[in-house]
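Okay, so we've got a single protein chain in two different forms coming up as structure tokens, structure 1 first and structure 2 after it.
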Structure 1
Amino acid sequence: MAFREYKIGARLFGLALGGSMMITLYMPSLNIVEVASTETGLRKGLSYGRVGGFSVEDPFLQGEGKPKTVMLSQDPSTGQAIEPVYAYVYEAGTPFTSSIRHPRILGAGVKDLSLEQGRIGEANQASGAVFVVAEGSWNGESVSYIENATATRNWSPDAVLSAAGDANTRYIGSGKIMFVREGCWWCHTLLPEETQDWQVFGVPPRLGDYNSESPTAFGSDRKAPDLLHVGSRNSSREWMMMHFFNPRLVQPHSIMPRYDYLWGDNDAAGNRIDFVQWRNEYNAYVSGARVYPPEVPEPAADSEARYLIDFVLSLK
């Protein structure tokens, strides 16, 4: 009897906590599963890969095990010219995004077209696959769905990457890992919320924009501009390169930290980057002893800086 009240209180607390978690997490998931994925949601899921954060295939958040996004203007199977199309390349062993592994989350119509016309059920993770976003009709309405181009067009991952070339390849999935790892979402949101936001940062997202994306990277605080549509507001790769290397090059009063260490040791030409000399020249520029700031080295093809820039420019 001595602790009877405490036992009852503890049980009631557990019941309240469990009930609140069910209301907060489980019940909304039932509604989310019923929401059809939008074209934006399909493209984001395909470009980000299975998980856009800590995962078994990438335990140290290096951007490993992610698909590549390429722009194709010729059919890699026949060599003929085609209308430019984005293709999402999953090389052999790269984990498929949730929308391929669990098509039911795509919602009615999108799931049916993806399975029947897109043949995503035939995709094999062990051998790799190439996906595109196609347009179809469902119950008289135009619907975007996922097409397994490896099955429908005979596009292999190696052939697609070879046809696209490095200049037309983007590491968006790996870039999101950099965005999460470097804490970009601690200051930047990906969610315009109020009417004033919509006028400046663009329209807010829809629920179907997040099918198969994990985590969403909404952000919890805003100390800097929202980035949901930043790729539409500023598509300059050179500007982004300068901004990440040293934000003060483009925003003199920016409080954003430098991310020059994401460049690694060498630039795109293979030359070793002398960070000490660069900073000395930059300080001379700030003090007025130098007319122009030093040139920012171009990131190497496999650098984390390139990954991050690719991701930010994809936010449209």
Structure 2
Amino acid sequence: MAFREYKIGARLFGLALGGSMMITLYMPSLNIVEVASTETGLRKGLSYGRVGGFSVEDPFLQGEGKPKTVMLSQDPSTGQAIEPVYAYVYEAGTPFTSSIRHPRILGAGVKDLSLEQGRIGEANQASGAVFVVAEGSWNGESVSYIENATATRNWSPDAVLSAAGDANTRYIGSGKIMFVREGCWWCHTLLPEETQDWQVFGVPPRLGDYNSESPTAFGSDRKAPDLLHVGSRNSSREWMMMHFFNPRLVQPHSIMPRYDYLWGDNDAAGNRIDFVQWRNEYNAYVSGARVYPPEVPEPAADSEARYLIDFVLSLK
């Protein structure tokens, strides 16, 4: 061997690099694997679906193959009124989020309750399932867990969607895809820091807020406000709509790009959106020739703009 004079060096190199990986990969994994999911973590995982970035089922990040989040105020199987509850609807074939496929990532307690009382092991991806977040008790402590409502309450995905209607349906999973694809996270972090951010952007996330979410898209470069709790600060759909179409309609000094192309070709009423005319009218407004800016078209129910607004408003 031409490296014989480097026998000691080569072994030391292996030792150094192996030791480094032992400390920086294996040892943290022992801590991270013990983290039990919080309620926030469960809700995020269930509403985002299997993956928020590239996946085989949605290679160009169009928002396909994602669950829908609905607000239910009546039981879809009995028709009786119930306490309003968020249900996470996985229609037939929609890939399950990782915590359903691998319940152990939920952490001790949450995993046990989800499997025993929530019966998530019985959920079948091919026929679809509806999940809700339930409260239970484990070792004397109150714990949130996932309940497979298709098994426990006989809720089928189609019945839940039609009982809720489009007005109570949120495309949060598809919106997370838009958030990643459009690079929102290049400027907006999803990580209030453990310092003064408490007072402006809300509490920093806890250890268990991320089980089952991928990518987490924390962001590293904050050129714009943190968004982890943006839905609590501003829950106006109208404001979000104007802000995405042209941020300078609501904030003249904003440097955010316009996302008008997420509206697609037609507005909510099915009319073709004339972007050229809109820009001309807007330019006239900017130059002072018009008193009011042009109206922002209402996004269509299946438009990417609607997905993104649903996601941003879900960040409470």
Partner chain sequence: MLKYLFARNEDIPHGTSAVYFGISSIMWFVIGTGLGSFNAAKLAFPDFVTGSELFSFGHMRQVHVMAVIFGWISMAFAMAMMYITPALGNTRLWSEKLGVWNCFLWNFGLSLALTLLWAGMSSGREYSDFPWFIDLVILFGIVAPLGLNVWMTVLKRRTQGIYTTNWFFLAGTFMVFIVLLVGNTPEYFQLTGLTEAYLTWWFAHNVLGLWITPVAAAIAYYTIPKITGNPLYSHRIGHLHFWSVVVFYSTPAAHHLMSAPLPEWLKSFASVEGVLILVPAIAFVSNLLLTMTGKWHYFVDNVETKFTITGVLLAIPLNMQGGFQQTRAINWYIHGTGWIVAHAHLALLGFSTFLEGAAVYYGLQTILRRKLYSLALANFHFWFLLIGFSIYWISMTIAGLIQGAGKIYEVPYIDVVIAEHPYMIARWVGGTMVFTGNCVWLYNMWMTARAGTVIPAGRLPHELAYER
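By rigid core we mean the largest C-alpha set that fits within 1.5 Å across both forms. Model, not experiment: these values are computed from the prediction. Numbers follow structure 1, counted from its first residue as 1.
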Number of the structure representing the form predicted in complex with the partner chain: 2
Flag for Met21, CA shift 2 Å or larger between structures 1 and 2 after aligning core: yes
Distance the CA of Arg11 travels between structures 1 and 2 [rigid core superposed, Å]: 7.4
